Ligand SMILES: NC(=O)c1ccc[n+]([C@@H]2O[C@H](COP(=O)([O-])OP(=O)(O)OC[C@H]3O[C@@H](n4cnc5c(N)ncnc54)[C@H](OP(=O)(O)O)[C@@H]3O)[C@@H](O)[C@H]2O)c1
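There is one chain below, alone, in structure tokens, taken in the form predicted alone.
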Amino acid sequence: MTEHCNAIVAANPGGPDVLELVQHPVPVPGPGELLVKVAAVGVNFIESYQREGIYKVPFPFTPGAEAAGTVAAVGPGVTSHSVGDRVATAEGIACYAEYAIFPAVAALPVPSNLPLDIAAALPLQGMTAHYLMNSTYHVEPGQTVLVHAGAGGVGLLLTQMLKEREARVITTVSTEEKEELSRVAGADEVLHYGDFAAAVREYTDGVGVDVVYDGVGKDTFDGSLASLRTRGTMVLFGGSSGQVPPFDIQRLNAGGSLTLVRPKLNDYLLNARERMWRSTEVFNAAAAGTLTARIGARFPLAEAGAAHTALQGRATTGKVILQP
């Protein structure tokens, strides 16, 4: 008899209400795959784009690439993991479910003293923060950095990691509550949106910042460029406010020989060495207590639609997770 489990399925593209809890067969791991009993799932903006049909996916569709849990079965040829191992991933398959498939090469070991719900909140945003400050632009001690959405999941982690690096960190937020969260994470200066570029110039005595990490996109892009020092770097890694319209590349010249980069996480997880480097540093810091992952909202698996509504409404701070 085929075993079944709860999973979220969208039969067609649409709003959050298309996400329905159904019973479907427990997946069978193929070659190079693990079957994982899911303890918690990280909810991310990309899943709302997939659900809406903005990013093309096949329907019926079960979202979710980020999760943590324990290995329930290993597929043919897998020798790197065993049943009972604690693992997390940012590259899972259909993780909005009680059981999900993780590629064995992308299953990241979770320290024994790190709770699995915290582990589920770290792979995507933690490794994003890691590649942003170590690889896209390597921040040096003493440099000044602007981080948008300072109370968001990436923002809170990136701020803490930058302060460990002894950088000077300026963040932007939208509310007093978020300002307090950003300050607790270590931000040296917290600005509200508006004419933040002028405030950055004032704070840096007219010089500007070495690098901007911008996951907001359309609403902050112009101000981000205006916040940079001569030969500064703009790292546009997301677009929570919408995508940036095409622009005249000569603006980079006029702004002071600026650099613009548009990275994505997958390009910084090209092999096992990169995955282990990034995940080990992030998970070990969280396990040691030097990095705090804030879970801003928890929803039962059945309330995936409500989780999407909260995330898209920018009503959350830190990480949103689902728990089967």
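The model shown is predicted, which means the values in this text are computed figures rather than measured ones. So that there is no doubt, residue numbering starts at 1 and follows the sequence shown.
As for the form predicted together with the ligand, it is not shown, yet the points below apply to it.
The stretch among 248-256, 84-92, 233-241, 112-120 whose residues place heavy atoms within 4.5 Å of the ligand in the predicted bound form is 233-241. Every residue in the set 128, 154 and 193 has a non-hydrogen atom no more than 4.5 Å from the ligand in the predicted bound form. Note on the partner interface in the predicted bound form: the residue among 164, 219, 180, 188 having a heavy atom within 4.5 angstroms of the ligand is 219. Residue-level contacts in the predicted bound form: of 199, 226, 124, 78, one residue has a heavy atom within 4.5 Å of the ligand, and it is 124.
Taking the partner from elsewhere, residue 264 is found to have a heavy atom lying within 4.5 Å of the ligand in the predicted bound form. In the predicted bound form, the ligand sits within 4.5 Å of a heavy atom of residue 318. A residue is said to contact a partner when one of its heavy atoms sits within 4.5 Å of a partner heavy atom; residue 135 fails this definition for the ligand in the predicted bound form, lying far away. Of the heavy atoms in residue 44, some are within 4.5 Å of the ligand in the predicted bound form. In sequence order, 311, 312, 314, 316, 318 are the residues of 294-324 having a heavy atom within 4.5 Å of the ligand in the predicted bound form; the partner itself is omitted from this view.
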